[in-house]
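Given next, in structure tokens, is a single chain: the form predicted alone.
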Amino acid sequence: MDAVRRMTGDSLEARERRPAVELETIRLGLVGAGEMAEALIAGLVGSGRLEPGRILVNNRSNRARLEHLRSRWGVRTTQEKAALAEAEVLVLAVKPADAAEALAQLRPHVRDGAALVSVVAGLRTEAVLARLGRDLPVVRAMPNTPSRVGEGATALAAGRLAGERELALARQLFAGVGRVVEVEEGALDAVTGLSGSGPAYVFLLLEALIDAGVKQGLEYAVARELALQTVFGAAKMARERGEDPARLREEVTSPNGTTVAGLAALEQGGFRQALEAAVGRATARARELGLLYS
């Protein structure tokens, strides 16, 4: 099977081959009440695909955060792991350092037949099973921060006990906050290096473009607006045209023109090599964290 298995929103034929899963009928338990948990809630409740009363959010210590989610979205909240026994699908959305304790507390309260989706970076599906001490379907998800504005990129990987039903449920959970692809679990470290850390690379690019515009005499507000729209427009053009980025770059690059001069400076500065190194180092660090948390 290819490393990337499928992207949501493919062909009608591909969608028809997948078993129907009624997301609207499940009871969802969120372990963790941070930004990613709220992004998922916003995607599900905001789209009307899951009633807020079917979502139970757990956080052991942050009552203020639970109150915010309850008042903002109408979801139910609890500080007790035992209440999560009702959940048919659990989403583990805690910090990596807190995952072991959260799973240990959750262990006696997972209902038979439940599935678990983990968004904990570096935590392998087998490590989740070992900490829970029982067999259940586990799907790993690696979303990124633009999920908070509904434009995330999420990669899913099925554990050995997860089937098409669990993947379909996970696809529906994350489709509300952006695009979804499926990969083998071994590819998730590279996903982390590319799209997981990728927003920071783009933000650095934006910083540099804005600063460069200011140095060339533009007002900051003007440089910022031009840089933001240029990056947004270029990404949208690449998405909608569906062509190789190299081809799109060639369209902008006239012989002996301004763009070719700018690209030459980027190549001389090692722009491409620097990005490759960034993705490579972030991928290697993801592997290290995987060994640490597993």
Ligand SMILES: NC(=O)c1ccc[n+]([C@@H]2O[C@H](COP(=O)([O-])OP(=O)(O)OC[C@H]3O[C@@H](n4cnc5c(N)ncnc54)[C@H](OP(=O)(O)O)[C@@H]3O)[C@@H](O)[C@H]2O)c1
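Heads up: residue numbers just count along the shown sequence, starting at 1. All of these numbers come straight from a predicted model, not from anything done at the bench.
Below, we turn to the form predicted in complex with the named molecule, even though it does not appear here.
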Would residue 258 sit within 4.5 Å of the named molecule in the model of the complex, counting heavy atoms only? no
Hey, in the model of the complex, does residue 230 get a heavy atom within 4.5 angstroms of the named molecule? no
At the 4.5 Å heavy atom threshold, is residue 52 in contact with the named molecule in the model of the complex? no
Any of the heavy atoms of residue 61 lying within 4.5 Å of the named molecule in the model of the complex? yes
Report whether all of 35, 98 and 120 sit within 4.5 Å of the named molecule in the model of the complex, measuring from non-hydrogen atoms. yes
Interface residue in the model of the complex among 148, 109, 224, 72, criterion: non-hydrogen atom within 4.5 angstroms of the named molecule: 148
Within 4.5 Å, heavy atoms only, which of 124, 81, 131, 171 is in contact with the named molecule in the model of the complex? 81
Which of 214-222, 179-187, 87-95, 158-166 lines the interface with the named molecule in the model of the complex (heavy atom within 4.5 Å): 87-95
Contacts with the named molecule in the model of the complex - residues in 99-118 whose heavy atoms fall within 4.5 Å: 101, 102, 105
